[in-house]
Ligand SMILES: C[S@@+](CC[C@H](N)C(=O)[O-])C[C@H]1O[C@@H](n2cnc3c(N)ncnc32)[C@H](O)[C@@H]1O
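Given as structure tokens, the chain that follows is alone and in the form predicted on its own.
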Amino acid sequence: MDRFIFLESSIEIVPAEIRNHPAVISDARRRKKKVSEILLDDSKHHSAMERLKFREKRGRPDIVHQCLLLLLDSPMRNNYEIYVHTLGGMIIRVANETRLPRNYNRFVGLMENLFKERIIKDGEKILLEILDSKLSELVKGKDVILLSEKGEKFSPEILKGDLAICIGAFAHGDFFKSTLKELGNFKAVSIGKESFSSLYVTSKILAEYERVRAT
């Protein structure tokens, strides 16, 4: 089965080095949660994030939220598996029957619960889970396609085969060399010369995927 993998996704719990910052403490108190249990969010913790390494790639869980909704809305969602690879190297599996909250604040609460419990179920069905896996294991045996502005021009023909379609889910910056190394023998492709948002790239590739696989 094909796989969509969101790489270096900007979703993480507030890191220890800024948990004492007033902006973080205030947000946690307002939400009646521990600072060690809330998601890092640039819109709320911007002042605290100034001291973080790679801060331009962090604190944007809204990006992966929007992209996941697209994939889960597709009538072809049973053709592929969905994974979220985080900046910290964590792997999250999202079952394709999952119905994520469309409201962003509810999504944040759900993900905070996932980071705490490592699994979200509906009865016996596992909807979301944190895996003890590596990115290299997800792409093993697959034709790995990396969406990158540095890649060659995209052709729909590339969407045939047993695929791992990899899309960055962060706002700014380049892929880490360690991430690219884990992808192994990948093919980098670009949908244009500009730098597009993760949401646009996902929507463009999904539309092409649906068209190619429906024929």
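Heads up: residue numbers just count along the shown sequence, starting at 1. Treat the numbers as computed from the prediction; the structure is a model and nothing was measured.
Another form, the form predicted in complex with the named molecule, is not on view; read the next lines as being about it.
> For the spot marked by 148, 172 and 191, is every residue within 4.5 Å of the named molecule in the model of the complex through some heavy atom?
Yes, all three are in contact.
> Using heavy atoms only and a 4.5 Å cut-off, determine which of 35, 183, 167, 163 is in contact with the named molecule in the model of the complex.
Residue within 4.5 Å of the partner: 167.
> Given a 4.5 Å cut-off on heavy atoms, tell me which of 172-180, 40-48, 24-32, 155-163 is the interface stretch with the named molecule in the model of the complex.
So the stretch in question is 172-180.
> Might residue 206 be said to contact the named molecule in the model of the complex, defining contact as any heavy atom within 4.5 Å?
Taking the distances in the model of the complex, the answer for residue 206 is no, it never comes within 4.5 Å of the named molecule.
> Heavy atom to heavy atom, is residue 195 within 4.5 Å of the named molecule in the model of the complex?
So residue 195 counts as contacting the named molecule.
> Under a 4.5 Å heavy atom criterion, is residue 201 part of the interface with the named molecule in the model of the complex?
Result yes; residue 201 sits at the interface with the named molecule in the model of the complex.
> Hey, which residues along 8-33 are within 4.5 angstroms of the named molecule in the model of the complex, non-hydrogen atoms only?
Residues within 4.5 Å: none in this stretch.
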